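Next up is one chain by itself, shown in structure tokens, the form predicted on its own.
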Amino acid sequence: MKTFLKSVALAGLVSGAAAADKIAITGGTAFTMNGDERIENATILVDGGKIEAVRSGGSVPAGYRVIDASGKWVTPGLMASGTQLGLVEVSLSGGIVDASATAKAKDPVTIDVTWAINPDSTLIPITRIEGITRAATGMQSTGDVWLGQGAVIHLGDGYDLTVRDRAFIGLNMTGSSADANGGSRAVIWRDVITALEKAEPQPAMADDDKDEKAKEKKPDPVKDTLARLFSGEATLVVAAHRAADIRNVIKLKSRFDINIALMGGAEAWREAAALAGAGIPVILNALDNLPGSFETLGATQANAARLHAAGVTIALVGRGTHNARLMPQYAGNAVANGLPWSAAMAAMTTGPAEIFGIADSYGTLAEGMDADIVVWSGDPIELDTAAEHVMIVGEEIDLVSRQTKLRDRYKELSRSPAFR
């Protein structure tokens, strides 16, 4: 199964790359996301879906289509974390909403969202024309604390968008989850720890014991899925907000040698030093401010800045999947509340790339990286800035969505003489 999904994903990426032009982006100011590197009058060469070169000036080889970015800003494509892109269209639809499973779903931790992703979702063009070229997508609810296995997708064209299947396992440890799954945090933490203990690698056995154990072994999909955490193949993404729950997430990291990321973390700033020490990144909404519940009493827009100052890797989200496109604006609010500009950009590029295991191919403008590139009219986190060219795996996409079509259809209406 794993081999099949990877081959399908590779086929989708290769088919897109094969159709891509040789493109040269010239004259802009490139923010490569390699530290604070900034290249004036940049020339970026793209071929076969990959970045061939990033340099200042220089001539463009024959055969390249040139995009003149003079006076523009050029960055890697942005990545949205914590979405249900491809899994939801109309949340309150009377039909199937693939981001939600019922309580009858068997072994919810084994759910693999790649089987439900719809590349024709209208939310994908709406999101990508704002400069967002990748997303982590996963289940919103399953009727259980376990939210199944999410994927990293690109937002380009093609029948398959998967970049990394089963990249993370979702776990909801918020108060609402406790209320729905036993009525107490004591119950859900006990069940989660028990499940992880069963999946934890055991000490090596003697050959005779191995043979006997093999005879007794029965298929255990839950154990096999959670074992991917211990092998480093997947990251455990834990949703939690209040400081007490976050301390439990840190204890979980100490107890089990697995990669963990915190999702939400409205009060994460209160445990910033401990999160940094444990190497736990935080995926957060930079606009969380007023307390919406008893577990977000300490919410503040200074959250991102305080976490960054403590050395925590952060990634940003918009407010829900339908507004994932607003992530750059949220980043601007984080900067207004103390987060350095470069850190805000990293929280939309290199930060999520590291968290979700794709930093070897995405997140920076560098030779050999996937050509996810955006040419902006100005500073990406300013409200009056627009993405003027968006390239995903080497293909420039049309800046068209259902919303732009509706805008163009109705922006000029002829009026009856009686209403003139």
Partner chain sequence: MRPFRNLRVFAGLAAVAAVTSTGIQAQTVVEREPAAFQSTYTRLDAPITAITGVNAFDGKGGAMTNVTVVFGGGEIMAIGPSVAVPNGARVIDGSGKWLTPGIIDVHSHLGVYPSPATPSHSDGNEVGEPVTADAWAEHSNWPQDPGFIRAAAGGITALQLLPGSANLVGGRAVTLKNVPGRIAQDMKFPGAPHGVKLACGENPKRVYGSKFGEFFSRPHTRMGNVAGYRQAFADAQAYGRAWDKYTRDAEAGEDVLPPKRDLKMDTMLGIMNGDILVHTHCYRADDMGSFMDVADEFGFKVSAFHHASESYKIGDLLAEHGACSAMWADWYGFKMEAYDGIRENIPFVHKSGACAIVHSDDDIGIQRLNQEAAKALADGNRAGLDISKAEAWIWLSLNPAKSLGIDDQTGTLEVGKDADVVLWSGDPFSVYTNAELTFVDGAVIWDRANPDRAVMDFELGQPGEGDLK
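On a predicted model such as this, the values are computed, not experimentally measured, just so you know. Positions refer to the first chain, counted from 1.
Form predicted in complex with its partner chain: not shown, discussed below.
**Student:** Quick one: which of 330 to 338, 232 to 240, 273 to 281, 144 to 152 gets within 4.5 Å of its partner chain in the predicted bound form, going by heavy atoms?
**Tutor:** In the other structure, the partner sits against 330 to 338.
**Student:** Of the options Gly292, Pro221, Gly311, Gly182, which one has a non-hydrogen atom that comes within 4.5 Å of its partner chain in the predicted bound form?
**Tutor:** Selected residue: Gly292.
**Student:** In the predicted bound form, which of the listed residues (Thr114, Gln301, Asn248, Ser100) lies with a heavy atom within 4.5 Å of its partner chain?
**Tutor:** Contact residue from the list: Gln301.
**Student:** Spell out, yes or no, whether the shortest heavy atom distance between Ala386 and its partner chain in the predicted bound form is within 4.5 Å.
**Tutor:** Ala386 belongs to the contact set for its partner chain.
**Student:** Find out whether any non-hydrogen atom of Glu367 is located within 4.5 angstroms of its partner chain in the predicted bound form, and reply yes or no.
**Tutor:** Looking in the predicted bound form, residue contacts with its partner chain do not include Glu367, since no heavy atom lies within 4.5 Å.
**Student:** Could you tell me if Leu406 has a non-hydrogen atom within 4.5 Å of its partner chain in the predicted bound form?
**Tutor:** So Leu406 counts as contacting its partner chain.
**Student:** In the predicted bound form, is there a heavy atom of its partner chain that lies within 4.5 Å of any heavy atom of Glu40, even though the partner is absent here?
**Tutor:** Taking the distances in the predicted bound form, the answer for Glu40 is no, it never comes within 4.5 Å of its partner chain.
**Student:** Where, within 120 to 152, is there a heavy atom within 4.5 Å of its partner chain in the predicted bound form? Residue list please.
**Tutor:** Sequence-ordered list: Thr122, Leu123, Ile126, Glu130.
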